[in-house]
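Quick setup: one chain, the form predicted on its own, written in structure tokens, and binding and motion questions come after.
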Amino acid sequence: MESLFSIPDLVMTQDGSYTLYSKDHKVTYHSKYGAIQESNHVFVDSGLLPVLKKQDKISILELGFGTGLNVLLTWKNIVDIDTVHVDYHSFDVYPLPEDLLNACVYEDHLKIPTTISKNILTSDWDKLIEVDSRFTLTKHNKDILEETLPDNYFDIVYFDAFSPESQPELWSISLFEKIHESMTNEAILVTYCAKGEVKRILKKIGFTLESLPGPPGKREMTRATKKL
């Protein structure tokens, strides 16, 4: 896998929240139309919230951790629901330096307590962390292509890798097959990507696909459901 050589640049997006620009992949981590807006639309509204309506114990797999925004938004959306417990696993081979994570100031935008955001953003990698009594987090500083995932475990997959053009190895049929095996029946995978080639791979594996309206600046996104 290509190494992350350059420190990303901090960029403000149109909703007032920050993202980062990768000089190596030549893309931003989030949409220029709004970092928080995009993550809410793709991963929370289209992934987390539908599952929350059905169950209160949820296991989440994320590719990749990036700025930590998806974790922060997930915590924010379950914190007031007393019965919910989340076990969150995020993979990222090249973690960002702490000063860049702090520079995004997502805790200010989202009004998340500093103790919680620090626990999420700057806790140790490859270690189970109790963010609070109902939210556990494991940040895996490992290549998911080389890791074994538990069978029939994850209820939601946040597929938030860089684009297929930037990281084609992460959009391969072999990885999607591995992820499919790791998902529970009726589990869903959500991604900002709506490319025909990716949808054909997901359909070939056995996912049921939905093309949903995308966030601002993008016509479509994809939700894939595992059905046995």
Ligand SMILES: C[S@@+](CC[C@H](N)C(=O)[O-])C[C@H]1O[C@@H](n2cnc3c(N)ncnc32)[C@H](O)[C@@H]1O
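One-based numbering along the sequence shown. All values reported here derive from a predicted model rather than from experimental measurement.
Although it is not shown, the form predicted together with this ligand is what the next lines describe.
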Residue stretch of 130-138, 111-119, 148-156, 89-97 approaching this ligand in the model of the complex, non-hydrogen atom distance within 4.5 Å: 89-97
Taking this ligand as it sits in the model of the complex, is Ile78 in contact with it (heavy atom to heavy atom, 4.5 Å or less)? no
Give a yes/no on whether Gln167 approaches this ligand to within 4.5 Å in the model of the complex, heavy atoms considered. yes
Taking heavy atoms only, is Asn70 within 4.5 angstroms of this ligand in the model of the complex? yes
Is there a heavy atom of Gly64 lying 4.5 Å or less from a heavy atom of this ligand in the model of the complex? yes
Triple contact flag His41, Phe207 and Glu210 to this ligand in the model of the complex, non-hydrogen atom at 4.5 angstroms: no
